[in-house]
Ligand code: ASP
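Shown next as C-alpha cells: one chain only, the form predicted on its own.
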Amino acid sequence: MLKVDKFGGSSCADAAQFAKVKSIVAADPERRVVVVSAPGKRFQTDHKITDLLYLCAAHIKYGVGCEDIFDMIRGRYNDIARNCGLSLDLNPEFDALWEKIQGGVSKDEIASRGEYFSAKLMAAYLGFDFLDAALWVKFRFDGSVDQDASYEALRQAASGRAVVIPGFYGVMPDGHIKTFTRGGSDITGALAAAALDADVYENWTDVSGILMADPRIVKDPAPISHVTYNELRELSYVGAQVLHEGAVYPVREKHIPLNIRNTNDPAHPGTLIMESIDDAADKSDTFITGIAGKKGFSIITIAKTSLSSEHGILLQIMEVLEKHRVNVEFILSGIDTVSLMVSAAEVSSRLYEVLGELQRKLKPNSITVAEHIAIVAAVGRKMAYRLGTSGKLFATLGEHGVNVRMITQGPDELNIIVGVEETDFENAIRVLYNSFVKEN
C-alpha cells in the first residue's frame, strides 16, 4: 500500500511544524512520498515565504534592491535547519541563487525556490531522498501539464525510494521553471498520487477537513466526514472554499481517495473524498453533506405571452448574452416567463445594452431585473431518498422570514439551490444549518 502525503505551508512554517510532519510520516510506513509547500506564516503578522519571494521578484523588475528581503528568507530556512538539528547547509545554494538573481532570473523560478528549499530540509529531516519536481512535472508550451510524460518520469524517478518532492512548480520543454497558480502544491501532490497509483492521497493542512458550513457565518460547524467528488464539485461551485479543481482531477481520474487532514490534530480522521460512498459505512445521520452559497447575482426575467411555445426563443436569448460575454448560471422557465440568473459583476457594465437588445429581438411584454441576489445551496447525495426535502427547505426559510426569489434542483438531486436577497444571505445559511444539521 502507498500513501502520498502533501503538507501545506502552515505545516512547514517552522521547526516545530517540521517535527509534527516527521511524527506523522514516521507513524505509518506506507507514507513514502511526501510533497511540501514553502513555509507559511508562523503567526498572524508573519510573512509567507512565497510572498517574500514574489516581493523580491517585483523589486528586481523595477530595479529596487531586495537584499534585506532575501536575507530574511535565508534566515527562515537556516532557523528551521538549526532548530531541527540538521547539518545540511543551504547557504551555498542561497549564494548561487543570489548571484543568479543579479544576472536576471524569471519570477517563476524565484517563487519556486520556496518549495525547493523546504523540500531539501524536509528530505534531510525525514531521511528521505530529495526529488526535484523539475525532473518530472512537465509542462507543454501552452502551460498545460503533460500528464503521460510526467507520470512516466515520476514512476521511474521514485521507484523503490522514499522521497520528498517540492510542490508548486515543474519545467517547460525548453528547460525553464514554470509555477502553477497559488496553491499549486496541492496540484503537485495530486499528480504524484495519480502517477504512482497511490491507495490514498493525504492532504495535510491546518483544519480538520472540510466544514459543513462557513465558520464565519455558522458557529462551530461540524466537519464533513465523507463526501463524494460530485458533492465536492457542487459545494465548490456555490462558494465553498475547497480544493482547486486541478488538485482534485488527477486523483479523481484514477479513483484515488483524497483525505484532508490536520497536521496539528493528526488523530482526527478529517474528510475523506471518494468517487462513491457506501452509505452503510457512513454513520452520519444527516442527509445534507454541506451548505454553501455566494453573493453577487442578478435575475433577468423576460415575460411574453406563450413564450414557451415560440421555437428557438431560448437560443435567441442565449445568443444575446453570449455576444455580451455574460454567462448564465441558472435558468428557470414558465409558460409565459423565463428567468436567468447571471453574475452581477459580468452584466453590470453592459446591462442596458443587453436589455435593449433583448427588447428589440424578442419584443417581450416586459423585462425586469432583480439585483443584489445571493444563492444558497444544500448539497447531499442522500437528499434524493428523502421525500419532501424541497418543500421542507422552502417552508423553513419562510418561517424564519427569508424571502425566496428562486428555487432550482439539479436532475441528479445532489443539491437544492435557492436565490435570496443578499441581506438574507447569512441568515438563510444559519437557518438551514440549524434546521437540517444541528437539530438532527
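For every residue, the number given is its place in the sequence shown, counted from 1. Here the structure is a predicted model, which means the values were calculated and not measured.
Another form, the form predicted in complex with this ligand, is not on view; read the next lines as being about it.
- In summary, among the residues 293, 184, 250, 170, the only one with a non-hydrogen atom within 4.5 Å of this ligand in the predicted bound form is 184.
- Interface membership of residue 38, defined by any non-hydrogen atom within 4.5 Å of this ligand in the predicted bound form, is confirmed.
- The closest heavy atom approach of residue 415 to this ligand in the predicted bound form falls outside 4.5 Å.
- The partner is not drawn, yet in the predicted bound form one stretch among 142-150, 235-243, 176-184, 79-87 has residues with heavy atoms inside 4.5 Å of this ligand: 176-184.
- Contact annotation for 88-117: a single residue, 115, has a non-hydrogen atom within 4.5 angstroms of this ligand in the predicted bound form.
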